[in-house]
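Here's a solo chain for you in structure tokens, the form predicted on its own.
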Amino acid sequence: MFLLSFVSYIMVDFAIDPLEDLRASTSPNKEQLIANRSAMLMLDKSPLERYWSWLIGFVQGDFGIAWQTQQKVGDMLPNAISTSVSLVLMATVLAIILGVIVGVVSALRQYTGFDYAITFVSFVLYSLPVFWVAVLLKQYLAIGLNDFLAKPEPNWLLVAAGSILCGLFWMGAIGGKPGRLALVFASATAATFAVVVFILISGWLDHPSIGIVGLSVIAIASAIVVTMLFAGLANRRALYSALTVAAIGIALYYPLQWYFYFFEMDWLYIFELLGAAILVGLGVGWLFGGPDRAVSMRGGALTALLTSVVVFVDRVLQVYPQYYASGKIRGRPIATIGAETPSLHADFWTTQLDRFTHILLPTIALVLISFASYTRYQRGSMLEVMSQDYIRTARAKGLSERVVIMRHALRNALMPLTAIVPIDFLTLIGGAIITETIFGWSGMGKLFNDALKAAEIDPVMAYIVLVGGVTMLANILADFCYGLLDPRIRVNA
């Protein structure tokens, strides 16, 4: 950390010129202005003396000031950090989840059309510059979608093409014999087309909601999928526990609507409700028990988590008509700049919807870029693991393919990502400089960029040392994650 701070300070000190504007000034007291600023910024002393003075203050908790605005850097950091984390966290989580899932499926369907398509798309996305993607998203997803919402005129050719692509995706992902492929393709295409048609012609875009019907479908499907992946449908106790949790979530839908209506919500209440839901899921799984009680508890908790998220999203969507008609929004809900609508003065639910409409574009931009690298890492790692002797041994013992993949292969295939994911998570504090600049988010990246342009060394150094320290911490956590995933490392340690 000392070496990082020293080298960075000297390099930044040589790179910036706080007196540049005064040197070009035609003011009659130009020399006096230069002398005053030099004294304020200690420019009359050597870089080593300035560094030592900065280091003593930094160690004591004084991060300096942004001399152009006379703001304390310590006061600027909390808001910048929270903005960057809120911007990049969702994108990172989505990119990791999607990247791991698609990478595993691509490896299992090696050398098929699905695998070639995912490989091609991954390389294309990996090659795209984020500033170009951001501009395209502003033009076609924000401006274009806002125009469409103002006057919906369905493009049925585009709807049909999208439905066919969705059918091809699921056909390739599920795989199987020709008859099964044809059935999956037809079912997925028809289902996608039906859902899109319903959304377009039913007025759902004007009053979007999930409702108890949508919640029921999603909750039951989540229970079945979670059980299928982590326990197998043959484990009836795990299946019944997940379905029971889904039924409890469906039964509580209307009581929760009343609760949300009569009580003012904030994030503390939301997380308390989420924690209670997960505890209920764990309790139901424990009560059902089975040959492996932990499996039933895990399935119940995951089902409760997914069901809770759907209930939350449904409640946020219910305020969309009022939000769309608001004078601050003016019928343009998809925002292209900023983290929130100025002076909106809305309740909790409308505020969350407003934040979602602002975070949508930068999240998509970051996910598209990050998703490609996670997919490639996971695919390569999964292919390597699937060729190991212990995988062949597990299959020879008669274990089901689900058990081989989920319990034997996937855990070891996650090892390479262990060196990347902790660093990606903890360096969220560093923000995304280009994305924040394009979308007008005042996070850590924009703070660094603005301070560098303004020749303010204290905010730049705070950014460098903070991000550098977090990166070092992330590398240490990555080593601990290796020990958690690999028993050999844990035992040797």
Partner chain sequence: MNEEELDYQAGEGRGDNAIEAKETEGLSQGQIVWRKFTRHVGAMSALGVLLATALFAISAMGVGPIPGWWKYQDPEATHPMENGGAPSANHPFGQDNIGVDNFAAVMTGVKTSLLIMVLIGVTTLIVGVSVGALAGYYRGWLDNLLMRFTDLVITLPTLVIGAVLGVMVSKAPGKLGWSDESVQEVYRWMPVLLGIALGLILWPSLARLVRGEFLALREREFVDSARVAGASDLRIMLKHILPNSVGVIIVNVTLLMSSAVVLETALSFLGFGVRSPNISLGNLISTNQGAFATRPWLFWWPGLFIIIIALTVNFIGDGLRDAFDPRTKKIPSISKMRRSFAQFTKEQ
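Quick caveat: nothing in here was measured; it's all calculated off a predicted structure. Residue numbers count along the first chain shown, from 1.
Same protein, other form: the form predicted in complex with its partner chain, not shown, and the subject of what follows.
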Heavy atom within 4.5 Å of its partner chain in the predicted bound form: which of Leu98, Val135, Val309, Ala160 fits that? Just give me the one.
-> Val135
Looking at Phe198, Trp156, Phe120, Trp258, which is the one with a non-hydrogen atom within 4.5 Å of its partner chain in the predicted bound form?
-> Phe120
Within 4.5 Å of its partner chain in the predicted bound form, counting heavy atoms only, one of 244-252, 76-84, 260-268, 105-113 shows up; tell me which.
-> 105-113
Might Ala15 be said to contact its partner chain in the predicted bound form, defining contact as any heavy atom within 4.5 Å?
-> yes
4.5 Å heavy atom contact, Val124 and its partner chain in the predicted bound form | yes
Please check if Gln139 has a heavy atom lying within 4.5 Å of any heavy atom of its partner chain in the predicted bound form.
-> yes
Hey, in the predicted bound form, is Ile65 touching its partner chain, heavy atoms inside 4.5 Å?
-> no
So which bits of 457-476 sit within 4.5 Å of its partner chain in the predicted bound form, heavy atoms only?
-> Tyr463, Ile464, Val467, Gly468, Thr471, Met472
